[in-house]
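Have a look below at one chain only, the form predicted alone, in structure tokens format.
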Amino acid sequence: MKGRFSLIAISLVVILVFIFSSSLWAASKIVIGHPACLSGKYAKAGEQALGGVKACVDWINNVYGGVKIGGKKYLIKYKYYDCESKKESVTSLIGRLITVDKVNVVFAPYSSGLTLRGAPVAESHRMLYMDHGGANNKIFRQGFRYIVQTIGPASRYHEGTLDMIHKIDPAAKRVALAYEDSEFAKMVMEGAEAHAKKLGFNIVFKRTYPKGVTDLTPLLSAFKGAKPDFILGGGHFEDGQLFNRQMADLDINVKALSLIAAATLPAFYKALTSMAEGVMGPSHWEYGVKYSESRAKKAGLPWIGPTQDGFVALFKKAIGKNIIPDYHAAEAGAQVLAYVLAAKKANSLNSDKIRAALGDLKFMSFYGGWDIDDTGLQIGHSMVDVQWQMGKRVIVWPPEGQTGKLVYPMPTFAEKAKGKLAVPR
């Protein structure tokens, strides 16, 4: 009988220890909440973002050793729901994540529209709201206090392109701006115009074209007469492809052509083949970019996170597919790293304290630089410029991230028709 009671006592102790340790386990979690776009029109970008977040959560928990706050170690838990790329789902899911799931931070869904839709909900709960997929500057002109951006803002998409041309060819002064008449593209144009003027370029042509355009001949003919040295423009894949094709048809040759949201896609070259040679486009991140711990040291910035190849391996593991991540994954993953550094700096899980710490934070990761202004707008991350050279995408700017030299001026369309490719000198 005595032995039986001893056995019961031991069993009770084991149960109590299990319950106690389980409560400690639950208390040692930082929960990231995310209304992810896993279906609907943003599903592709949403899948990439999901894989990027999971990859960096894996790295923080299993390589970095978790997050130490107040002398205690925390691991990260990632709680997400499919918002189906719908605005109404975003608002309800953010409310659920905050009030039911008790998350510590909310990651915004992909796209500027969905990000903006969710911002007032997070704001009303005084919840930190981190934006990895909303580039529109207008999000940060609404007076929100808790939103912070990781993706580069639309107004900076063509800044690097202008900086590059200004450096390599001071004599090239005449620039044409021709963008789609959409809110995003017009914001890119606004930023490009301001930066071009700052650098002393002459804007010899500036015009927008309608969404869904099927013929750009009138616009292209007009700026041909303006005789620009180079052209910045675009909006989305379809119009970017049309832009390039009709420039070839009209034999409009310039020293450089950079198109947003189209020229960086493999499908762009597949559709245009040699006519795409030498064409450029800005991207938030590309596989092969040379950001590293040693480059961070040269820039005087702290480094955190996996190497580029380490991130790629973790991404493939996270989504169970043998595919290279794109910038949607990289920016979402880098957001995890920013949150972790800020939580450590604040030594707290309080949204107000972490938001303040994010305002003082500067670092570099495989994604590049990170820094925000007082409104939460990202100002530390530079776009990378990619150019099609011999059928491959080569990162040509910034110098600390490039994988090859810029081919400048780009081959003429007549040269490309004869098989001349963009070969670095």
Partner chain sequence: MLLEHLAGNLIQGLVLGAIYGMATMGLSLIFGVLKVVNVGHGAFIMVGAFITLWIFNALGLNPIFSIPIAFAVGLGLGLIFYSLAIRKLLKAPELSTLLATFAIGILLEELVKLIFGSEFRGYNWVVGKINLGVTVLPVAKLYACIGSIIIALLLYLWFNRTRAGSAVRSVVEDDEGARVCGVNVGGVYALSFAIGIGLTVASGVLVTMFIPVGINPYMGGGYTLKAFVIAVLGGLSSPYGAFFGGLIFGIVENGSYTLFALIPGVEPFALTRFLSFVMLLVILLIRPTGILKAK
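Everything quoted here is computed from the prediction, not taken from an experiment. Residue numbers count along the first chain shown, from 1. For the two forms, the rigid core is made up of the largest set of C-alpha atoms that agree within 1.5 Å on superposition.
Absent from the display: the form predicted in complex with its partner chain. The rest refers to it.
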State the residue from Leu75, Leu216, Ile203, Ala296 whose non-hydrogen atoms include one within 4.5 Å of its partner chain in the model of the complex.
Leu216
Partner-contacting position among Thr208, Ser155, Gln308, Ser351 - heavy atom within 4.5 Å of its partner chain in the model of the complex:
Thr208
Tell me which stretch of 312 to 320, 240 to 248, 283 to 291, 192 to 200 has a heavy atom within 4.5 angstroms of its partner chain in the model of the complex.
240 to 248
Any non-hydrogen atom of Ser274 within 4.5 angstroms of its partner chain in the model of the complex
yes
Asn62 near its partner chain in the model of the complex, any heavy atom under 4.5 Å?
no
Given that its partner chain is not shown alongside this chain, does Gly225 nevertheless sit within 4.5 Å of it in the model of the complex, heavy atom to heavy atom?
yes
Though only this chain appears here, would Ile395 touch its partner chain in the model of the complex if you measure heavy atom gaps against 4.5 Å?
no
Using the arrangement in the model of the complex, list in sequence order the residues of 257 to 271 with any heavy atom within 4.5 angstroms of its partner chain.
Ala267, Lys270, Ala271
Align both forms on the core first, then report whether Thr412 has a C-alpha shift of 2 Å or more between this form and the one not shown.
yes
Quick check: Tyr291 between this form and the one not shown - does its CA shift reach 2 Å or more after fitting the rigid core?
no
